[in-house]
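One chain comes next, on its own, written out as structure tokens in the form predicted alone.
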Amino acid sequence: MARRKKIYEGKAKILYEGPEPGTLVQYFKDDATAFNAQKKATIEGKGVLNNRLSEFFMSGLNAIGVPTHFIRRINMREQLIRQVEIIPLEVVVRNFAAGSLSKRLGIPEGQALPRPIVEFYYKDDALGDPLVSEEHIIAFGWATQQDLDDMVALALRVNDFLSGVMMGVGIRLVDFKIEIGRIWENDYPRLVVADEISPDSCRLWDIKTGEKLDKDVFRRDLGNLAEAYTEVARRLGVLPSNVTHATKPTLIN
């Protein structure tokens, strides 16, 4: 499609104006970042994989009645999405201890949590996306109590879906983060899952071996990030079964 006006550029994606009012085109870059962009690299094919994987997850959520901003994939790197008003929070769901939770509370990495834990982080790279409480969120007007209740319900439904899908292909969903946007329908607000769902935004471990198949491979220098993402896509059926780590990603249209 013809290149359109750029609306916003983030660390991993670019948003362009869409072909119709209320739509945007989301472009997935090959850039990989960690530690609030202190560590950077370009991983060939990463954007193609994340575009296809996010399509897979968002389409699955739409199919079971969990609303998302996703409309359709346009090509290998772009998808058509609904324009939303992003709530300035990252919503994190944790099933097993890892990352900042282990550091903050001294819980051994990999320990199962008593139940899924939902956390909120204020979206501000300059501040390092700090953990915030519901009291902060309501006091500063980032979201209402009803919004928070709806966000927790959405996040837990996403968790149920992703956990089941991943379990079916031998992958443990350790944790993930989503962003949530607000759309308006006949003057009434509605919350939808936005941004992306991909190995960039999830911790995914092989159930048998514990091998990491997510961005921790890049964060911790554990191997080839494209190979890890390709393995996730292969197991989910996004890639042909004959694709190996020795071949470049070739996605099914």
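Don't overthink the numbering: it's just position in the shown sequence, from 1. The structure displayed is predicted, hence computed values, not measured ones.
There is also a form predicted in complex with a small molecule; it is not shown, and the following applies to it.
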**Asked** Any chance residue 129 has a heavy atom within 4.5 Å of the small molecule in the predicted bound form?
**Response** yes
**Message:** Just checking whether residue 202 would be counted as a contact of the small molecule in the predicted bound form - the rule being heavy atoms within 4.5 angstroms.
**Reply:** yes
**Request:** Give a yes/no on whether residue 90 approaches the small molecule to within 4.5 Å in the predicted bound form, heavy atoms considered.
**Result:** yes
**Item:** 4.5 Å heavy atom contact, residue 177 and the small molecule in the predicted bound form
**Value:** yes
**Request:** Tell me, please, which stretch of 99 to 107, 68 to 76, 142 to 150, 164 to 172 lies within 4.5 angstroms of the small molecule in the predicted bound form when heavy atoms are compared?
**Result:** 99 to 107
**Prompt:** Within 4.5 Å of the small molecule in the predicted bound form: all of 13, 52 and 218, by heavy atom?
**Reply:** no
